[in-house]
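Only one chain is shown below, in structure tokens, and it's the form predicted on its own.
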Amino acid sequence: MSQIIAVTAGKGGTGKSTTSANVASGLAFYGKKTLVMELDFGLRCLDIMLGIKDEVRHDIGEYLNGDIDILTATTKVGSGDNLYLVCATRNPFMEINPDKIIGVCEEMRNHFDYIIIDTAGIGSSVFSVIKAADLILMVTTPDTVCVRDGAILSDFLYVKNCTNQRLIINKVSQRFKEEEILYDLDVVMDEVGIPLIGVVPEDNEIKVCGAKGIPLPPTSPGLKAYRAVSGRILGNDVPLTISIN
């Protein structure tokens, strides 16, 4: 059965969209037909990260306006047949219609193994979309502000009966123990209070390749971490690629 995965964060700048792109790419790498749906209206970026900015002809705004069907709004990523993207609209004033988004996700279950939703903000409409997901990936970085905001959002989601949450700790420097603003990763897990599914190291290749729209190289520590997360989503027993203590 197909699975809807919502990627969210308590604070901007944690790498939510980057996580969405790379986890989706990892699932596609493992042979799963995967769709990324971008909901960050007005701040579209996944077409650049996935290297298809010149190929996108339609976006989800056109679907929400009733101009096209949702399959027409999808754009294939790369030369394979496993990864597709529905871009966010460039109109920052368009409201997310949660019923339509949820309906689209349910429809897409007939066409894809995984639907990754790159959520936006924490408004009531976004909560409705997140609540419909089979799995919620909470992305945080190991600093005090992001950890606190992630914990607040996680607690709110638990109140809304969204218990299917997993934690991704992103942008982890090997120097984190020496810097006062960064938590020990065990503390991050305790503070946010949800099970860990992955730790992604600070890797300049992630930033460079995302800006250029090219795949991460095989030697990238970030690639190995994202592939590990994707493998765990598939139910595989994959060890962490970076130490947490």
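Don't overthink the numbering: it's just position in the shown sequence, from 1. The model shown is predicted, which means the values in this text are computed figures rather than measured ones.
FYI, the form predicted in complex with a small molecule isn't displayed, but the following is about it.
Enquirer: Though the small molecule is not shown, can you say which of 37, 200, 27, 50 has a heavy atom within 4.5 Å of it in the predicted bound form?
Expert: When the small molecule is considered in the predicted bound form, the option within 4.5 Å is 200.
Enquirer: Only one of 170, 89, 82, 154 gets a heavy atom within 4.5 Å of the small molecule in the predicted bound form. Which one?
Expert: The option sitting close enough to the partner is 170.
Enquirer: Would you classify residue 57 as touching the small molecule in the predicted bound form, given a 4.5 Å non-hydrogen atom cut-off?
Expert: Result no; residue 57 lies far from the small molecule in the predicted bound form.
Enquirer: Taking heavy atoms only, is residue 14 within 4.5 angstroms of the small molecule in the predicted bound form?
Expert: It does: once the small molecule is placed as it appears in the predicted bound form, residue 14 has a heavy atom within 4.5 Å of it.
Enquirer: At the 4.5 Å heavy atom threshold, is residue 212 in contact with the small molecule in the predicted bound form?
Expert: Close contact is absent here: in the predicted bound form, residue 212 is far from the small molecule, nothing within 4.5 Å, heavy atoms only.
Enquirer: When the contact criterion is heavy atoms within 4.5 Å, does residue 230 count as touching the small molecule in the predicted bound form?
Expert: Residue 230 lies outside the contact set for the small molecule.
Enquirer: Counting only heavy atoms and a 4.5 Å cutoff, which of 28-36, 66-74, 201-209, 185-193 contacts the small molecule in the predicted bound form?
Expert: Result for this chain: 201-209.
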